[in-house]
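Okay, so here's just one chain, in structure tokens, the form predicted on its own.
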């Protein structure tokens, strides 16, 4: 039987843990980082965890997750040498990436905590980077993950001991995609706070895949913060893949800072999870920046997904485009809150925002709120949101061509989601996500005997016997 604590008790427990373990928490930090940690804890003392009275948390009830009793560890809860391949393997055929693994929020590798290649690209543990590259960490850690935005972010900035550190020097093209995998595997309820720091130099480029996976069914509360700095004329192609168990709560906050002429494409694919909240903050911090922020979410049963997107047009001549699509089944709940801010001097801004949702049952719900805040007068901006059911005319058309109702419904749902999936630029990843979405639409990644959505990874092709001359 699970022990219950109150909302206030968990917050107080974290404050007490911080006070009792400052030396341990600060052991890898410079005086600059120590000061930022202390400031962040003071902010958390004031804000605590959000509740239903917090404006942008009104439609996401976090109280049940916060009421559980969690174990929190200030040091890795596993032996130093762990065979991560026996615990988790990425099953994306033909995907060539450099894997960067975290286990329960801690960096894990057999090659030490940091590597540096011939181009000067540094990859490894944030804790290791604090010791060996303190000037880089001091210049970036906690700067764009603004503490006042969220009690969760403030708590992460105060506590996070480890995470992934990536540094790409100026004028470097990283040709092999990097894949960050945060694996949760524990025999207790666990509270995890990891902090990732990615720095991309001027005129450089990077493809980055972030994966959140569970290999057990224990309850977990994961509070992840990722700060990504994209230098002048640099580009980032970013993907966030989420396939968690139904007992997990994931608070995922990503901050992007784009300098002049920088380009960003980020795509969040949510397939499973108990409660998932994605907060994306994008600051166009120089002229002629471009940001494409996309996502697709497929939820069923009692799952809940919340996407919060904030794009700050701080300079003129910048472009942004948001496209989020959701398919909500059973008693699941989805939330979309998109905000675009166009500042006074950000003339010649082009900003577009779209959220579309399909409800498959009368118990499924969506709360969507696209929002524009414009202070410049020479701009092109638009926003829109739709909530509806599968188009009956399209269903009739497919059924009249000999396609059964079940398969017709899946084809329409797949076509709906494919608009986002088709923006994936890493071809093996695109094929795999395409397959996983097809399987997900058929129900919990199971195989239906006569499904028209054939997955490329199947060993045996499934025949769909209809008269094709009628299609």
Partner chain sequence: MANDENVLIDNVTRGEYKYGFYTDIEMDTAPVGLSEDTIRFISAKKSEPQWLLDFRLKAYQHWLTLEEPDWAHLHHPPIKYQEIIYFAAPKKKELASLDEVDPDLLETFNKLGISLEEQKRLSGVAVDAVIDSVSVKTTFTKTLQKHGIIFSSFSEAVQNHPDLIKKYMASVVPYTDNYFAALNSAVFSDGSFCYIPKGVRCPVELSTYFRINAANTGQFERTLIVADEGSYVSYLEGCTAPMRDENQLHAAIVEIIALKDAEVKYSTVQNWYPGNSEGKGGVYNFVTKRGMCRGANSKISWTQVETGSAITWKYPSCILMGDNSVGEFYSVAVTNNYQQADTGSKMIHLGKNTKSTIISKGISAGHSNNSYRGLVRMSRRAENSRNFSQCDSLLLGDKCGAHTYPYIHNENKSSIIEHEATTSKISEDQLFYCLQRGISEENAIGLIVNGYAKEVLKKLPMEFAVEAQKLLTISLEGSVG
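Keep in mind it's a predicted model, so treat the numbers as computed, not measured. Positions refer to the first chain, counted from 1.
In what follows, reference is made to the form predicted together with the partner chain, a form of this protein that is not presented.
Distance check, residue 55 to the partner chain in the predicted complex, heavy atom within 4.5 Å: Taking the distances in the predicted complex, the answer for residue 55 is yes, it comes within 4.5 Å of the partner chain.
Touches the partner chain in the predicted complex: residue 363 (any heavy atom, 4.5 Å): Yes, residue 363 sits close enough to the partner chain in the predicted complex that at least one of its heavy atoms falls within 4.5 Å.
Contact label in the predicted complex: residue 73 to the partner chain, heavy atom within 4.5 Å: Because no heavy atom of residue 73 falls inside 4.5 Å of the partner chain in the predicted complex, the answer is no.
Contact test in the predicted complex: residue 344 vs the partner chain, heavy atoms, 4.5 Å: Close contact exists here: in the predicted complex, residue 344 approaches the partner chain to within 4.5 Å, heavy atoms only.
Stretch in contact, per heavy atom within 4.5 angstroms of the partner chain in the predicted complex, of 142-150, 288-296, 310-318, 387-395: The contacting stretch here is 387-395.
Complete contact of 372, 376 and 383 with the partner chain in the predicted complex (any heavy atom, 4.5 Å): Every listed residue reaches the partner chain in the predicted complex, so yes.
Contact assignment for the partner chain in the predicted complex, among 193, 249, 368, 233, heavy atom within 4.5 Å: Filtering the options by heavy-atom distance leaves 368.
The partner chain: the contacting residue among 359, 222, 264, 271 in the predicted complex [heavy atom, 4.5 Å]: Partner contact (heavy atom, 4.5 Å) among the options: 359.
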